[in-house]
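The form predicted alone is given below as one chain in structure tokens.
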Amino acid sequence: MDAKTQAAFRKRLLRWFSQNARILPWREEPSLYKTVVSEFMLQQTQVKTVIPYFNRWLECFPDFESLSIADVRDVIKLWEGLGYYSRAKNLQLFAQKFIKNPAKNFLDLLKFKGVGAYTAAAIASIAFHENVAVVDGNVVRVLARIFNLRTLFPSKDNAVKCVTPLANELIDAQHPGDFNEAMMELGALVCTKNNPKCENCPLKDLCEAFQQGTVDKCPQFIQLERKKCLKKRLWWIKEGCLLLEPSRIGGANALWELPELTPERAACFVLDKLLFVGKRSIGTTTFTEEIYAASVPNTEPMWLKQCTYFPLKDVHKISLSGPHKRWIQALLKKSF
């Protein structure tokens, strides 16, 4: 793409964005803190899901200072249902570290735990106006179609690596933040994975895939076989209290889940009845989780000491991962 075409690309994209950008809470009276929070929340999560969480977060933790001194249990509780809880912990760690040693650019941001190239580029371009391109799935799709890239990518990471030089060449140096948001917005609203609205695209006459009728073939990925994993969980109620154990993700007893019955643990119990089968997907792995009622052993195994009994009436007050919350609610409605 020559310099004249690149200039036309930037101009049309930014004009379209100024007229079509969604009204989002982190775009209203923008700040570095709002940008950081929104980018952490938007990692692997759709905008419509993030909005209510973002609003509640700002009410409880309006700035880096308030977040840095918050109880991690309150942080996890506020994140409950958004998934990928390590993001919440890393966001608090970001606040604590940023107060002591503020980041000033893309490279500084990469030193923070939980901040990869995508998140660093988004924050640096939007908050610091640094000339660095953001490349996510939306941007990969837009540029793969603009340049009619027919490469069969082995992974998303490989596609990002391939497309990033193109994105950095195209970025508007005067408005890098707006350009990056516009690229992602175009991919989310117009240049969608399925049923793209090509006729409404401001870049259609610059899009090689549109001109050649190959939009549905860009980009292409090798289909990876999904992995399968089976886990067993314990459903144990004692004197009106449900047994739960702290999740390895939450830390500091901030996030709870039904105890996992590893083969060693399961040997301590007699599994009386399969009560529930739940499924969830993480990345390319599908987890099937079987929840069992079990007979109480004469002597409780040592590992139960890390677990806690919660009164059934108070279970809704503690932080549970999204799947466990749904499964527990379903099981409590049943009578055994």
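Computed from a prediction, not measured in an experiment: that's the story for all the values here. One-based numbering along the sequence shown.
This protein has a second form, the form predicted in complex with a small molecule, left out of what is shown; the following refers to that one.
Item to complete: Name the stretch, out of 59-67, 275-283, 40-48, 303-311, where some heavy atom lies within 4.5 Å of the small molecule in the predicted bound form.
Response: Correct option: 40-48.
Worksheet item: Does the 4.5 Å heavy atom contact test between residue 172 and the small molecule in the predicted bound form come out positive?
Response: No, residue 172 stays farther than 4.5 Å from the small molecule in the predicted bound form.
Worksheet entry | 4.5 Å heavy atom contact, residue 184 to the small molecule in the predicted bound form | Contact check for residue 184: yes, within 4.5 Å of the small molecule in the predicted bound form.
Worksheet item: So in the predicted bound form, does residue 254 come within 4.5 Å of the small molecule, heavy atom to heavy atom?
Response: Residue 254: no contact with the small molecule in the predicted bound form.
Discussion item. Residue-level contact is defined here as any heavy atom of the residue lying within 4.5 Å of the small molecule in the predicted bound form; does residue 118 satisfy this criterion?
Written reply: Judged by the heavy-atom cut-off of 4.5 Å, residue 118 is in contact with the small molecule in the predicted bound form.
Item to complete: Would you kindly say which of 244, 126, 91, 75 lies with a heavy atom within 4.5 Å of the small molecule in the predicted bound form?
Response: Contact residue from the list: 126.
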